[in-house]
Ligand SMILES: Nc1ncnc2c1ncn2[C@@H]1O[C@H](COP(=O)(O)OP(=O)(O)O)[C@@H](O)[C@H]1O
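Given as structure tokens, the chain that follows is alone and in the form predicted alone.
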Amino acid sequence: MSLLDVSGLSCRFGSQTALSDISFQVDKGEIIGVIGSSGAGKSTLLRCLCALERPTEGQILLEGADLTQLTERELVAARRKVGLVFQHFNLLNSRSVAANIALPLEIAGWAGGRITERVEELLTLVGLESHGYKRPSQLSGGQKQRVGIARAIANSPSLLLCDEATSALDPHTTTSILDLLVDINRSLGLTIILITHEMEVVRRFAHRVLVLDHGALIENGSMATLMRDSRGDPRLERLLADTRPSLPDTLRSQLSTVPLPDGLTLVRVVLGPQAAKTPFLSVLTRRFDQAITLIQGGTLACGSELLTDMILGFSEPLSEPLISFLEQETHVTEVLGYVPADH
């Protein structure tokens, strides 16, 4: 049985549809990224998953219990199985770091000695063992988010929901928080759903990606698959634009749709996990006896998979044997156009 099973989920506010017939499953220990542009339905989905919003239709089975059918009293217990990490931390400045982490344990009725022991354990887990006495105002943004994570997992939830958890952080701090979440996922087996608009975060972090658009689920798969197979869908191309190699402005301004004498043929190629480990450019150069320039791109980690996405400059027009080789060895071959060789 999956940890989370969402089936036929719809949510409407008056005449406005926020979610429409959403269905997906999440296995224990998975890290799922939920992405979409503003207004796609991400926040509504999160509120439904943590039982803060009752959907109009559908089921949300968390460890077999349907959150949509529970009474308010039953929901109090069910919500303890779901931890929440927020974009703006939501810490209480009147409490110390340790007391912020202790709050959900106090609400759950833990004894004082157990709370102290658990808080110390959590402070060590998130790397703040010497900060328990401080106030949130004395912490950096990254440290505040570590407190938020410790508080969210204090009751040992089955599911951790992260709502734009890194959006307020700089890139270096974002990396450290993502590394912490990965460590928690691996050490505790905690299932994590990260709702974000940051494609780079999803690319590095998620085992699987759910893409929402105007309340509908339009993709459900690995990030590598999404990047390989999304050409031609403008909704996906807009989301993925920042994660793909793009032509420098100087080349884009010179791009021609017809071959140029002594010019370069620009081609985007995408290789799968196995081909990404091979000397692809060396093979091309030797087999077809021409100079090949790497214009942009390279090999990326997409969750646990490797993906190579490159824009190459070929010194000669593509021959039929070369086109045949590229079509056979790559997932995507796309001729972008032609530029002068002295670009």
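Position 1 is the first residue in the sequence shown; the rest follow in order. Predicted, not measured: the structure shown is a model, and the values here were computed from it.
The same protein also has a form predicted together with the named molecule, omitted here; what follows describes it.
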Sole residue of S37, Q290, S304, T56 within 4.5 Å of the named molecule in the model of the complex, by heavy atom: S37
Selected contact from T299, T68, S43, Q296, since only one has a non-hydrogen atom within 4.5 angstroms of the named molecule in the model of the complex: S43
Segment assignment from 8-16, 330-338, 21-29, 316-324: heavy atom within 4.5 Å of the named molecule in the model of the complex: 8-16
